[in-house]
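For reference, the chain that follows is the form predicted alone, supplied as structure tokens.
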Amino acid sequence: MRRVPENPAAQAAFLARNAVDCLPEGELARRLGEGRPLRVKLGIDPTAPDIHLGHTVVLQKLREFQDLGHQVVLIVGDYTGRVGDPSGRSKTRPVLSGEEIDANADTFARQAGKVLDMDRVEVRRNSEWLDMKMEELFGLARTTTVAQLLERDDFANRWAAREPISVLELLYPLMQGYDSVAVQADVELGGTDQKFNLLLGRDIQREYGQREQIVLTTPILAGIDGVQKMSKSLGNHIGVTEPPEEIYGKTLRIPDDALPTWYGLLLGSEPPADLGPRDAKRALARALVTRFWDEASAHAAEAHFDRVFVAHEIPDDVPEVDVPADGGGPLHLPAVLRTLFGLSTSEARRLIAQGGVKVDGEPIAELDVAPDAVDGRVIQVGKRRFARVKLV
């Protein structure tokens, strides 16, 4: 258990120790020295339902503030999510329906409890204040110039490339800044890609006669490819509610040179000096499964990985799936794979042709098989998907 520093300067150093920016310099220590709980804000747009490891970097920083007695304010951007944050984007985001955003918001807030003590979190939706009168919107729009907004790299690059920028997107940073006004934020957290928006929030607070928030940015975690920002849309993410076997197996896929960053951002430590990359990844994978599940699940996930991917054995807990017997005649294997795994016919044919389909561990090349060749047997697709066939 890390000892919590007591004096404001030491607390500020502790909170900023693995941040990229803590602006203005020295202001966090001064604000902590006032001896009152600070209001620490994080805004999340629910454009996807699940929290992944990348989100936990900033959530863990929130938890540190929370553990020091400060008030965490989690803003679910049910209105800003309808716009789509243009940060880091080379084109306009697709628009989600209100129903999708509401469902994602509920899931996200629930999963944040994997990191935060949700009993001590003030959860707000920015529809509370952004559903404003036109006159109030005019007042917000007057706080910022177009020239200021076009200083952002993503807008500037799109403008230079003659890519479309909607007026609604230009309003997004103002809406996020107004969130800080509405909740009277002392501190706002975000990834480094949010730095412009967070600083603009200070300007907007000043225009509304409020004390300006402190800006604290955290590093962005690359995905399991080790290159691009972790994102569900890129398929390089690890969700915090994924099964232990998935968290463990995906973690082992990260590049060796990503280990220091992953250890630092997710565990707050360095890779063990006495372990090589392979064993360091295994230790990291066990730690992550333990964090989001428990220690027993971590050991079970490691045993599962060794059984399936090292010893190439069939897992013990293969799900049994009912498959129509079609009157007892030959079964069309692509149709069976569609029932078991949801594969399309063309994808199933391709996998069979490539030797990617096995029955009880043996590759199968036939498209049509006798019922007793699959009934009660385990079919494997690729490295990770298994199902036991039960003909009905």
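What you are looking at is a predicted structure, and each value in this text was computed from that prediction instead of being measured. Throughout, we count residues from 1 along the sequence that is shown. Only the largest set of C-alpha atoms that superpose within 1.5 Å between the two forms is called the rigid core.
Quick note: we don't show the form predicted in complex with the RNA, though the next part is all about it.
Which residue, 113, 219, 255, 98, has a heavy atom that falls within 4.5 Å of the RNA in the predicted bound form? Looking at 113, 219, 255, 98 one by one, just 255 meets the 4.5 Å heavy-atom criterion.
Go through 154, 245, 78, 212 and name the one with a heavy atom inside 4.5 Å of the RNA in the predicted bound form. It is 245 that has a heavy atom within 4.5 Å of the partner.
Looking at the partner-bound form in the predicted bound form, is residue 50 within 4.5 Å of the RNA by any heavy atom? Taking the distances in the predicted bound form, the answer for residue 50 is no, it never comes within 4.5 Å of the RNA.
Heavy atom of residue 315 within 4.5 Å of the RNA in the predicted bound form: Outside the cut-off, so no.
Would residue 340 show up as a contact with the RNA in the predicted bound form if we use heavy atoms at 4.5 Å? Looking in the predicted bound form, residue contacts with the RNA do not include residue 340, since no heavy atom lies within 4.5 Å.
Just checking whether residue 329 would be counted as a contact of the RNA in the predicted bound form - the rule being heavy atoms within 4.5 angstroms. Taking the distances in the predicted bound form, the answer for residue 329 is no, it never comes within 4.5 Å of the RNA.
Assess the spot marked by 55, 136 and 190: is the RNA within 4.5 Å of a heavy atom from every one of these residues in the predicted bound form? Verified in the predicted bound form; spot residues all out of contact, no.
Mind telling me which stretch in 27-35, 321-329, 64-72, 353-361 gets its heavy atoms within 4.5 Å of the RNA in the predicted bound form? Correct option: 353-361.
Just to make sure I understand: among 352-391, which residues lie within 4.5 Å of the RNA in the predicted bound form, judging by heavy atoms? The stretch 352-391, when checked against the RNA in the predicted bound form, contributes 354, 355, 356, 358, 381, 382, 383, 384, 385 at the 4.5 Å heavy-atom cut-off.
Aligning on the core only, does the CA of residue 367 end up 2 angstroms or more away between this form and the one not shown? Yes, shifts by 2 Å or more.
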